[in-house]
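Quick heads-up: it's one chain on its own, the form predicted on its own, in structure tokens.
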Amino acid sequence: MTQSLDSERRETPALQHVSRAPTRLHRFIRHSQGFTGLLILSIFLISAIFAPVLAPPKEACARELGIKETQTLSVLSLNFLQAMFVPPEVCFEIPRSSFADTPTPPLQGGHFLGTVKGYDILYGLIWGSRTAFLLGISIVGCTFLIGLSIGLIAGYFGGWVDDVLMRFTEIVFSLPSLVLMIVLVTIFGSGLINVAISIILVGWAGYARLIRGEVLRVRHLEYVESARALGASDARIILRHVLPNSLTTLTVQVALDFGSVVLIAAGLSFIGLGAPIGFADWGQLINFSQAYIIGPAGAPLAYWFVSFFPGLTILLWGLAWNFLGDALTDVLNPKASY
């Protein structure tokens, strides 16, 4: 009896220690970079959702949404979801107040962040956040599904199927990605839709290689062999056992790609291959600022705001997703300790 009580006393602290072990959610919250990245992305998400409130649309967009000039912001906030289903050229066109070559400084002429070539910078940044999320969701979603399907099939079945699929994947992966995207956009024509298609046609190869490597590792584990011995079908084994245990690496890659694909799209817009002129896109605002990087004689920094605000926005977007990716890498690593 005494020995059993002593053993319980010795086991109790160990059990209490296990119960106090931090979950993945707690570890993520305590991760400084992950929390910072999530905070920055929350600001972008709020800007995207409430774009009609923060930068009220005018003319055609307002008519399309059924918004009247006499409506208050509280009423206007109820219409923000409608703008997601309005044709992009209607609400995403940046209002142009003039055709003057000289940029308007911040807090002048009713423009909080100023204008460049007559286009309102604040409107472009806020509605550009919607462009960033739409591009990220569509491009990353398509590349993820294509790469996931090819990698799963190649890694699970192996043999000649693996050889054919992976040789084609290596051909795509071996070509300079940015150069190939520029060539594809040049062939398809400029525009955000063609930019998205070009990035998808190039970006899936990375996901295919990652998931294939994970599937090759998982498919020979004991629980997979047991399911196969019990007569489970290939589809059930893939969807129930192989796929859920192969997504950890891809989760991190998805977070990183959300930041990179928007930067690539902004880069293509910067060289004139992306969004049409006047479309709310961060890369295009940087493109507008090329002529104003250096101010007039005697005031070289007179137009600092033209490139500073769009550049800072793009920097924060990429930084936030990289912080989030680093945090997910640490949190999902079972060997990490906090």
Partner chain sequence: MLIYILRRLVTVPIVLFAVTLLIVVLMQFIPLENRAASYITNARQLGQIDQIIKEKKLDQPFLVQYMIWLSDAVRGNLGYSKASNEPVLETIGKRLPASIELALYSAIVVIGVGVLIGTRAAIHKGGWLDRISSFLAVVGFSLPSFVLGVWLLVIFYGALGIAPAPGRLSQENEILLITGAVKRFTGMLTIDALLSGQWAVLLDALSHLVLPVITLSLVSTATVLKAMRSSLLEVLGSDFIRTARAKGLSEAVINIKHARRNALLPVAGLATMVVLGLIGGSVIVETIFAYPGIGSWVAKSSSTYDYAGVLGFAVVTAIIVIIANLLVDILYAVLDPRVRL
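Residue numbers count along the first chain shown, from 1. On a predicted model such as this, the values are computed, not experimentally measured, just so you know.
The same protein also has a form predicted together with its partner chain, omitted here; what follows describes it.
> Name the single residue among S190, S138, T102, T249 that comes within 4.5 Å of its partner chain in the model of the complex, judging by heavy atoms.
It is S190 that has a heavy atom within 4.5 Å of the partner.
> Between L273, A48, A55, L41, only one gets a heavy atom within 4.5 angstroms of its partner chain in the model of the complex; which residue is that?
By the 4.5 Å heavy-atom cutoff, the listed residue in contact is L273.
> Can you check 149 to 157, 219 to 227, 181 to 189, 106 to 114 and let me know which stretch has heavy atoms within 4.5 Å of its partner chain in the model of the complex?
It is 181 to 189 that comes within 4.5 Å of the partner.
> Residue-level question: is Q290 within 4.5 Å of its partner chain in the model of the complex, judged on heavy atoms?
Yes, Q290 sits close enough to its partner chain in the model of the complex that at least one of its heavy atoms falls within 4.5 Å.
> Is there a non-hydrogen atom of I171 within 4.5 angstroms of a non-hydrogen atom of its partner chain in the model of the complex?
The answer is yes: I171 has a heavy atom within 4.5 Å of its partner chain.
> Determine whether any heavy atom of F35 comes within 4.5 Å of a heavy atom of its partner chain in the model of the complex, and answer yes or no.
Contact check for F35: no, nothing within 4.5 Å of its partner chain in the model of the complex.
> Would you classify A327 as touching its partner chain in the model of the complex, given a 4.5 Å non-hydrogen atom cut-off?
No, A327 stays farther than 4.5 Å from its partner chain in the model of the complex.
> Suppose contact means any heavy atom within 4.5 Å; which members of 283 to 308 contact its partner chain in the model of the complex?
G283, I286, S289, Q290, I293, I294, P300, L301, S307, F308 sit within 4.5 Å of the partner.
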